[in-house]
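We begin with a single chain expressed as C-alpha cells, specifically the form predicted on its own.
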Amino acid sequence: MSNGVIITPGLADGALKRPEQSTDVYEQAQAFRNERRATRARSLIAVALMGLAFMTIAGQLIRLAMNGQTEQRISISAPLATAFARPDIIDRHGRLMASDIVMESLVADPQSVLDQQEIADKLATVLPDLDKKGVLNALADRTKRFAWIRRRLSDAEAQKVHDLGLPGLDFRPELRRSYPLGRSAGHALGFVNIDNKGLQGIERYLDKRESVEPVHGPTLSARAPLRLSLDVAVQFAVEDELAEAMRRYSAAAAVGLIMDVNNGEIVAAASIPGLDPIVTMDRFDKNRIDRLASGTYELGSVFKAFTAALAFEDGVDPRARIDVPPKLEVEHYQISDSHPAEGPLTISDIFLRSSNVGSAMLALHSGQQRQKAFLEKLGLTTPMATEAGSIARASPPKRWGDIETVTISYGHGLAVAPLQFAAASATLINGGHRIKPTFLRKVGRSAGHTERVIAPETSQFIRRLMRDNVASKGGTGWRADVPGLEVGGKTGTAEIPGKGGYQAKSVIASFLGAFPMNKPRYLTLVCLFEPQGNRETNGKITADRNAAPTTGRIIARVSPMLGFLPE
C-alpha cells in the first residue's frame, strides 16, 4: 500500500478498481438518463399528434371556405323581438284602467316538428280560431329554428296546448296590455299593437312623451302610473245611462261628457257603442268610432248660447224687445219657427223659446265678421287636441255670407266635434276664460285657464239664461231639472244632412248642461244620434223629450260622486 492506494496484481499499472458503492450510483444515474430520454420521446410524439390535429382542422376550414359559400349565414333559435314596457294608467282616484301583464306565447322549432299537419289539426281543437294555413306556412321552412304560432295565450289556452304534448312546440313569456274595464273609456285609452307600442289615445300619448321602455322579455315597467282626470265610477254611470237612453229611444249611438269648467279636466268621456282596446275588430267597426272627438256634426240650437252671448257682448240690451216676425227671408231662403212668436221678444225670450228667427236677427245684428271672430275666439273653429289625440277639425262653410251667419246662429252650416263644442261652451259658463280640455289630472281648479275672452257679465248672463231654461216650465230644458242642484242647460235638435238635403226624421238630439248654476263647476253634454219617438215622448224626437231627461238622470246619479248633494 502506498499513499492509501491498493495495487492489484494482474491489472495494468495505473488502473483503478471501483468500489461496490460507486457501481450502484453509476447505475442509478444511467437509469435516470434513460427515463429522461423516454419522456422526451413521448412529449415529441404528443406534440406531433396535436400539430397533426390542428393541421387537420385548418385543412377542413380551408376546404369549407373554398366550397362556394358567398354570403355569411347565422342561424339562431329565436329572434330578439323588442317589446315595450308601459306604465300603468289610473283614474283620478288611483283606480287601475290599464296595465301590463305577462302572458305565454306559443312558438315552434320547425326542425323539431314531426308532423306539421298534426300540429295544425290538434292546435285547432283547443284554439278554434287558429289560422291552420298560417301555422302550416310557418312550419314549412325546415331551415328555421323559430316560428311564432300564437302570441299571448290565456292561462287556460296555454294549459290546453301544453296538455297536447306536441313535439317542437314551446312557450315564451311576453308582455300584454290589459284593460280591466273592458270597453269603458276605451276610446280615450286607445290601444297598442302586438309589440305593446301605443297606436291611439292615451296609449299613444305615453309613447310620445317617452314613458315606455323597449325590453326583451317580460320585464314590467318601473315608472310611476299616469294619473288621468277620468273618474271610473262617473264614467261607468254616464255610459250606463247613455246605453239605457239608446234602448229607451231606439237611438243608433250616443255621446256623453262631463268636464270641469274651471280647469278643463274631463271627468267622463263616452261614445256608445264603445271600443274594447284588446278587440282588434272594434277598431275597424264604423259603428264604434269616437263620435265625441273624431266626428264633426251640426248640433242645432245648442249654438244659440253663442248667439245670445255675442248679442250681449255687442251691446244688445237684455230688456229690449225685438220684433220677431213669423218668417224671415235671407238671400231667397225663408227662416221660420215651429211655434211663431206672438209679439216682440227679448234675448231671454228668444233663448227660452229657442226661436230660429229671433236668433237669426241677433246674428245679423252682429254681422258675419263679428260672428266668425267670436266663435274663433272661443276656440270653436281653431285646431284643438287633447292627450288622447287630435280632435276632428271644425268644418266651417266655404262661403260665410248672410245666410250662413243665420243658419250658424241656430246650429246648422258649421259642423264641429262635440268635445270641441263643449270646451268652447265652458267659456260661457266659467266667467269668460278659454280653457283647454285635458284627460290629465290637474293641480288646482284654475290650472286649465288661459286668457279671458268674454266679459264676466256675459258669462253671468248666459248662466242665468241656462238656469231659467231648465227651472221654468216655459223653457225647453225643464225635463233636465234635478231638484236641489240648480241645473242649467240648452236643447238642440239638428236634422242630419243626407241625399237631397236635411232629413226631417233623422236628427241629432243634444243637451248642453251645467251645474250648480250659482257657482258652476261641471259642464255636461249629451247627444243622441237618430232617436225615435215612442209613447213616452208622445212620438216626438226633439231633444227636450230625450236628451234633456237623459241629462237629468245622469246629473242626479253622478252629482253625489262629484261632491254635490241636492239641497
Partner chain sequence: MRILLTLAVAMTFLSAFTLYAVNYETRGLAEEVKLREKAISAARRDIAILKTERAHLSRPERIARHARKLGLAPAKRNQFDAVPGSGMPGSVMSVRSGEEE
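Numbering follows the first chain given and starts at 1. Computed from a prediction, not measured in an experiment: that's the story for all the values here. Rigid core here is just the name for the largest C-alpha set that superposes within 1.5 Å across the two forms.
Although it is not shown, the form predicted together with its partner chain is what the next lines describe.
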item	value
Candidate stretches 219 to 227, 470 to 478, 452 to 460, 370 to 378, one within 4.5 Å of its partner chain in the model of the complex by heavy atom	219 to 227
Touches its partner chain in the model of the complex: residue 96 (any heavy atom, 4.5 Å)	yes
Proximity of residue 402 to its partner chain in the model of the complex, heavy atoms at 4.5 Å	no
Contact test in the model of the complex: residue 178 vs its partner chain, heavy atoms, 4.5 Å	yes
Residue contact check: residue 102 to its partner chain in the model of the complex, 4.5 Å heavy atom	yes
The unique member of 107, 289, 113, 485 whose heavy atoms fall within 4.5 Å of its partner chain in the model of the complex	485
Residue (of 56, 518, 503, 538) lying close to its partner chain in the model of the complex, criterion heavy atoms within 4.5 Å	56
Core-aligned CA displacement of residue 56 at least 2 Å between the shown form and the other one	yes
Core-superposed C-alpha of residue 39 shifting 2 Å or more between the shown form and the other one	yes
